[in-house]
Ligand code: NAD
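Single chain ahead, by itself, as structure tokens, in the form predicted alone.
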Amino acid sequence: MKHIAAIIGYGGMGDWHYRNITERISGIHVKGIYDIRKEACDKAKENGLHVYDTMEELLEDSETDLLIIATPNDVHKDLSIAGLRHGKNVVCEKPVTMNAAELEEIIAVSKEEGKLFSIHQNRRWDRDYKIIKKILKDNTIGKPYYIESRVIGSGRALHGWRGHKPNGGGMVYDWGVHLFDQIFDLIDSPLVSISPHLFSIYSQEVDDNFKALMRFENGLSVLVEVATNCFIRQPRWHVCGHDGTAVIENWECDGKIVKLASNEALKWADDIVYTAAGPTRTMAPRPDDTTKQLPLPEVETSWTDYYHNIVDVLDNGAELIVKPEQALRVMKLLDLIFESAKTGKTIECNL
């Protein structure tokens, strides 16, 4: 049995959902779309999709059982609730809402109606993230104590509604929600403090760059950074463990692991070492034979696994991978970030 889907919002991501499902997901058929823009409707017709004239027509279509919402963020809540109230299962693009309170409303309706509700956090299936997850799971570099997760660009552009505050634009909403979701999925410990720094370098309305230092109850610290105004790139991931370091340089997953060659304590000479920085013992180069370099592990992953899980949940009662309660934790964090940005103070929390 194929599930019949309709897409609300046929822009860049709406078209991506259509093509991804049509080409790779056998259990879902995309019937049509609804969009308020004529150019989007014309494009959908060219692709052979039915175009609903009104939202009411889409919601009353008894053939469709799955709605995919790919609109600007500020209308996610109302559209999700309308879909659930009309007996549809709903997949919503991220960020799922503008704040945690809105998401709590959706979750309540989802439970009341007994319908699936999930958020398209596709970057849990990114290859770079899966590599880091495997390194930590396998204890390759020992217990981690510091992680840097960055997405760096220099385009100085916030495309379309992403540059407008009323629509939920800005980098915290756009990229931050992905990176925070990854970190929460990666670390099994409560967050106890968040210290964000938001910048508006060239945008008039929203943050176009940000840094956020997070500290977890287990002692792990994480720096998350998104930049659109940085002209010298830094690694996508830099992870420090007690026994080694892992780095992933870019989306292509170039990188390496350097770790201790043995658990034996290194015996340092008493003599001061002279380097280009002057005399030092603390920062003296480690002898080459005390470390070993490993390649990054191989992983198999695909964004389509998100939709495979959706079908498995609907058909077989499988466990939902991207749960709304997980997204609620992320949205609560975003609320704290914007609160801290107003006060300029670190926020203590238990999240």
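Start at 1 and count along the sequence shown; that's the residue number. Please read these numbers as outputs of a predicted model, since none were measured by experiment.
There is another form of this protein, the form predicted in complex with this ligand, and it is not shown here; the text below is about that form.
- The contact with this ligand in the model of the complex, taken as any heavy atom within 4.5 Å, belongs to Asn73 out of Asn209, Gln182, Asn73, Asn89.
- The listed set Arg127, Arg150, His164, His120 contains one residue whose heavy atoms approach this ligand in the model of the complex to within 4.5 Å, identified as His120.
- This chain is displayed without this ligand, yet in the model of the complex the stretch 92 to 100 from 236 to 244, 212 to 220, 133 to 141, 92 to 100 comes within 4.5 Å of it by heavy atoms.
- Looking at Leu320, you'd find every heavy atom of it more than 4.5 angstroms from this ligand in the model of the complex.
- For the chain shown alone, Leu294 is not a contact residue for this ligand in the model of the complex, no non-hydrogen atom being within 4.5 angstroms.
- Although the partner is absent here, Tyr52 sits far enough away that none of its heavy atoms falls within 4.5 Å of this ligand in the model of the complex.
- Looking at Ile36, you'd find a heavy atom of it within 4.5 angstroms of this ligand in the model of the complex.
- Taking a 4.5 Å heavy atom cutoff to this ligand in the model of the complex, none of the residues in 222 to 238 make contact.
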